[in-house]
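Below sits a lone chain in structure tokens, taken as the form predicted alone.
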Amino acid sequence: MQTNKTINETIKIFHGPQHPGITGNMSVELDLAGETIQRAKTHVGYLHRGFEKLVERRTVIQAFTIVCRICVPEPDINEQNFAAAVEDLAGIEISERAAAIRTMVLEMARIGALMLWMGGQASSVGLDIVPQWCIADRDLILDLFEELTGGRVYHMYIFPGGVRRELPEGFLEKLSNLCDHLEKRMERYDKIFFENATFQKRAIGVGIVDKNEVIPNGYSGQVLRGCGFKHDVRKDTPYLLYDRLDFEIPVRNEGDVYARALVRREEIRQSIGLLRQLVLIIPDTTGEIMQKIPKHRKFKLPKKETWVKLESGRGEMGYYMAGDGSEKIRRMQVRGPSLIHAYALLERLLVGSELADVAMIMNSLGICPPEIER
């Protein structure tokens, strides 16, 4: 005999890790009453990479090749944090030219990461033409990375002491042309995505972050700026050449998915503007692109500790590093925005939301699972 189930009964489903709406190898356990989420629990542990311990069991030079894999869409931020931490411990000061080139690389990587976000966010609401455009435009950035570093995804270019090679002939001109192209494309992205009625109806008023929770819980990046907080490490604690660049921090006050999307839209334009400034600055910079550093087995870090941070395309990213006088790093710890965003924030935002909005809310938070299970 069949019985009618009431809406008060719940079913359990797992959103990921195989689901295309998941931002990487993670899973969200959902308890549903009809289409409404009653409980959400984030699970990581599908990667088993152990980046921090891999680094601690290798020499400084060997460890350099590992950190870029901590977040695949934006590997260069990890290279910069690792190099900056090693340089601080070893007392190495890079040249003005190396700092300028690093700044350029980070802004190129930032646009590439935001293009991936835009494609994923659009796909989460069924606008499947947008990710195809985004991947095509991101490939143009990867073309330049390949010319500069020899690699498209993992570049291993920002090295303790500077950068691995000089800019190829004509590189800055190609970068300037790419900026022209991306500026024109942003007008189309506005019409097909940001101003799209479907996306606006799905995103406005959904996934609202309480402004009073932002600072106590340590939210960062677009989550922070989407709630009206004007904070960006590049501006508040400048590193490399950011203190010489002119830019404003975009903010919104609504705190919802759409607000975070609009902040990212302006950040793409902002990065294009920063690259245009660097194209003019870099030719006048001076110094060797790579400082002399000890050889592989003689590169020893003193018994000191340091903390360095930067602004990634998803929020504040920090590295703790300690040396013990040997050629190996005694302790390294990575602290990015994904840990708090994927657990405390995502689990809270999903309760009361609809099943169809899970991927959209998740994408809006900028979660990169390898950064958690590191």
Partner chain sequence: MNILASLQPQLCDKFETQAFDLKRDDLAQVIVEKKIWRAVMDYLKEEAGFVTLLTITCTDWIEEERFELNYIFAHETKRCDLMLSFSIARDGESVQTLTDRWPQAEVMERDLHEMFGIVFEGHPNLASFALENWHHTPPLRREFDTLAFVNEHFEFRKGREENVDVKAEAKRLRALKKAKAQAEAEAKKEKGADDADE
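Residue numbers count along the first chain shown, from 1. Since the model is a prediction, treat every value here as computed from it, not as a measurement.
Just so you know, the form predicted together with its partner chain exists too; it's not on screen, but the next bit is about it.
- Its partner chain is not drawn, but in the predicted complex it has no heavy atom within 4.5 Å of residue 174.
- At a distance threshold of 4.5 angstroms between non-hydrogen atoms, residue 277 is out of contact with its partner chain in the predicted complex.
- In the predicted complex, its partner chain sits beyond 4.5 Å of every heavy atom of residue 135.
- Of the heavy atoms in residue 64, none are within 4.5 Å of its partner chain in the predicted complex.
- The partner is absent here, but in the predicted complex a heavy atom of 217, alone among 217, 196, 95, 149, sits within 4.5 Å of its partner chain.
- 306 is the sole member of 27, 59, 306, 38 with a non-hydrogen atom within 4.5 Å of its partner chain in the predicted complex.
- Only one of 266-274, 158-166, 209-217, 293-301 places residue heavy atoms within 4.5 angstroms of its partner chain in the predicted complex, namely 209-217.
- Contact check for 52, 331 and 343: all three have a heavy atom within 4.5 Å of its partner chain in the predicted complex.
- Residues 235, 236, 237 are the members of 232-248 with a non-hydrogen atom no more than 4.5 angstroms from its partner chain in the predicted complex.
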